[in-house]
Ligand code: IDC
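Given as structure tokens, the chain that follows is alone and in the form predicted on its own.
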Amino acid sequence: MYPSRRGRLGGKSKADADEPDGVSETPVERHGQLQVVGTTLCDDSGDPVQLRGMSTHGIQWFGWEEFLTDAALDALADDWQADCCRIAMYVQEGGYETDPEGFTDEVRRIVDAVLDRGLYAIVDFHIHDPGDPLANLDHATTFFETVAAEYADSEGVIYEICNEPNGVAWDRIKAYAEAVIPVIRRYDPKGPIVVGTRGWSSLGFAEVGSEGPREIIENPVDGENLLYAYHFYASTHGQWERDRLAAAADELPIFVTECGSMEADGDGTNDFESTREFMDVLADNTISWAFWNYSDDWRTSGVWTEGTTDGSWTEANLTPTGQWVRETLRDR
């Protein structure tokens, strides 16, 4: 078992020499307040950082009571050695819009548990139907005002304000971002914010009529400490996407807040060779990533076998996807 890496809510630790035997710094203790410098996510000293971790599935199906528990998150932090955990709060599909107060409380509970383990918590406002984020602007401003006010003093929170915009022009995504970002900045002037991109956060590659990342480069969102989301699924996407991602990384700060080794619907065949080639591009360009998804969902993307419960967070209960991504996270 990997030594405990638990930390408090974003506090910096003493130097390594002051750490007790068998205890190492947590990711938040190691990197502190993240910042975007040019096109690169950096630590509080300005040194480049690549966070690597997992995304939950929708917390309306795989939330605290249903799947995420102290033991599940202990495994992610201590055994898997993740740096970050993305909390996927769907807005539709039985999510936030059905019970705003209840889902805000659920996000708070999971974020606190992630931060208690010293991991960065990515708060994901998970929209993709409707694809126009402006359709959820009122929900977004209410939700992020509450979250930002609560976590403004934490070094460990990253805000992802719209998961996968689709069927909508960049101008509307930008307008949404420039309405939501000031709500967050009213409380938290420093926390990194990830903006979803056109074509299911493909930087526009997946949408007919898009100019791809060029429209973002020429008309960026106004603000600081901002990154742009890119999502890939390695059985669906290949060398064409990798080449364009690498080129875009020269001009844009990018965070891969969702990716997988399977097909874009989260199911189908794993292509681990293609995934490794994507991971090489991310490493070469210091692009952080969160893998989809930390659950026991029956689809290929589920990393634990169905029915995994407390007491069974062992290698024997990993799916082929789980075995691959756990090994990748532990390979430092």
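Just so it is clear, the model here is predicted, and its values are computed rather than measured. Numbers for residues come from their place in the sequence shown, where the first is 1.
What follows is about the form predicted together with the ligand, which we do not show.
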Quiz item: Can we say F125, F144 and R186 each have a non-hydrogen atom within 4.5 Å of the ligand in the predicted bound form?
Solution: no
Quiz item: Among the candidate residues W80, W170, Y151, Y90, which is the single one with a non-hydrogen atom no more than 4.5 Å from the ligand in the predicted bound form?
Solution: Y90
Quiz item: Only one of 29-37, 282-290, 56-64, 268-276 gets a heavy atom within 4.5 Å of the ligand in the predicted bound form; which is it?
Solution: 56-64
Practice problem: Indicate whether D296 is a 4.5 Å heavy atom neighbour of the ligand in the predicted bound form. | Solution: no
Quiz item: At the 4.5 Å heavy atom threshold, is Y159 in contact with the ligand in the predicted bound form?
Solution: no
Quiz item: Is E106 one of the residues lying within 4.5 Å of the ligand in the predicted bound form, judged by heavy atom distances?
Solution: no
Quiz item: Do Y228 and the ligand share at least one heavy atom pair within 4.5 Å in the predicted bound form?
Solution: no
Self-check item: Residues of 233-270 having any heavy atom within 4.5 Å of the ligand in the predicted bound form, listed in sequence order
Solution: Y233, E258, A264, D265, G266
